[in-house]
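Here we start with a single chain on its own, the form predicted on its own, put down as structure tokens.
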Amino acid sequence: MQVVTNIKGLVQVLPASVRKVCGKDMQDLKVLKNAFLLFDKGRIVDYGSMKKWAEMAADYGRIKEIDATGRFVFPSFCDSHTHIVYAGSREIEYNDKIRGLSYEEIAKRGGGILNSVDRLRQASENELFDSAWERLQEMCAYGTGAAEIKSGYGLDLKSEMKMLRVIARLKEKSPLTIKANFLGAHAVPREYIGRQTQYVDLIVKEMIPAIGKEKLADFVDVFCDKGFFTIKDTERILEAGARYGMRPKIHANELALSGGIQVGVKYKALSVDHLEYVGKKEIEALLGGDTMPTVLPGAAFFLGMSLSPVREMMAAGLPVAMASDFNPGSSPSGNMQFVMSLACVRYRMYPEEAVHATTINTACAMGVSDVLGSISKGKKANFFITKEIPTYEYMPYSFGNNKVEKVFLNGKQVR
């Protein structure tokens, strides 16, 4: 048993029954001052004021104490949208973007997702694992304790299976909570250009059954957007995934009002992600379901895209989650502290809203908010201790530097 004492502020204290925070409630953040956090066997046992701890400490005898004087304790970030299994960076495309080429123009020149596909198909499983492991360690150092990792850079059965087996190895080795997402419908591979329906047939009839048989994916995902997969394609893929227990997720409305949000709600997707284009109809659809709207500010920042109308969504009563979209082409960073900063600076979210958006609501978007995303009795002891900082608002305010001093996952210090 261990206890963190003299915590300047214990952030995001919630009842264990809370699975997400919506609308105006996102402005309310519970922070206990001068607090303690007691944990044992990987779970949070208790928390409260130091006065309470002084009264009960004798009951526990000698236990390991971590002094957090001047520091804040946050629940670990949950990053519900990443693509960290990839081979090689794409900084040449970054240079093209600087020189004015659009996302679509770069893709037509052989860049974009298909560039990553070419490289991944040539890489070995061990090479992919080693590079993804380094990225995962970097994410952990910035306070992330859970991540959803997508496939989607293989786009054939052999390579998609290779990616998902790498994710399975990461699950086994890493202390982070990891969910695997099959994103075979990330793009149409070169060999199927002009034959998109046949590629969807391949996903539905061969890829999903093979992946489902080996239980390699928790979720199934589709890039349902302008120039990518249609609503009909998406429905076929989601229905096939459901037969193998894969819960649906959607890349939606990054490039246009595509109908991706509506199809996600229809099929009870855990989340719809990107959401640069959201209107009244999309908000109404989300209000009618239980799907988590997830914004990826790193991608919008990197690509110079329109911003999702986050304030309008929250004003309507919706929850909002924010994830990193860590990938080589449009968001080459898994720093969730920077995601918080972007939430506040670019989307005009309050720091309290940004905390909810990167912890409990992203946990909900991963389907793990019953055990992660808040400081709650019985949940996993996944948290980080900051360096000495003046306020919790300092986290998004001071962007670009790492404010995390210690990281605990499953009750063990990992950094």
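Residue indices: 1-based, along the sequence shown. These numbers were taken from a predicted model, which means no experiment stands behind them.
What comes next is about the form predicted in complex with N-(iminomethyl)-L-glutamic acid (NIG), which is not displayed.
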For N-(iminomethyl)-L-glutamic acid (NIG) in the predicted complex, the stretch among 192-200, 75-83, 171-179, 307-315 with residues bearing a heavy atom within 4.5 Å is 75-83
Test of understanding: in the predicted complex, would E160 fall inside 4.5 Å of N-(iminomethyl)-L-glutamic acid (NIG) by heavy atoms? no
Tell me, yes or no, whether E282 is in contact with N-(iminomethyl)-L-glutamic acid (NIG) in the predicted complex, where a contact means a heavy atom of each within 4.5 Å. no
Should N327 be classed as touching N-(iminomethyl)-L-glutamic acid (NIG) in the predicted complex when contacts are defined as heavy atoms within 4.5 Å? yes
Do R90 and N-(iminomethyl)-L-glutamic acid (NIG) come within 4.5 Å of each other in the predicted complex, heavy atoms counted? yes
Can you work out which of L257, I113, V188, A123 has a heavy atom no more than 4.5 Å from N-(iminomethyl)-L-glutamic acid (NIG) in the predicted complex? I113
Quick one: which residues from 213-247 get a non-hydrogen atom within 4.5 Å of N-(iminomethyl)-L-glutamic acid (NIG) in the predicted complex? F223
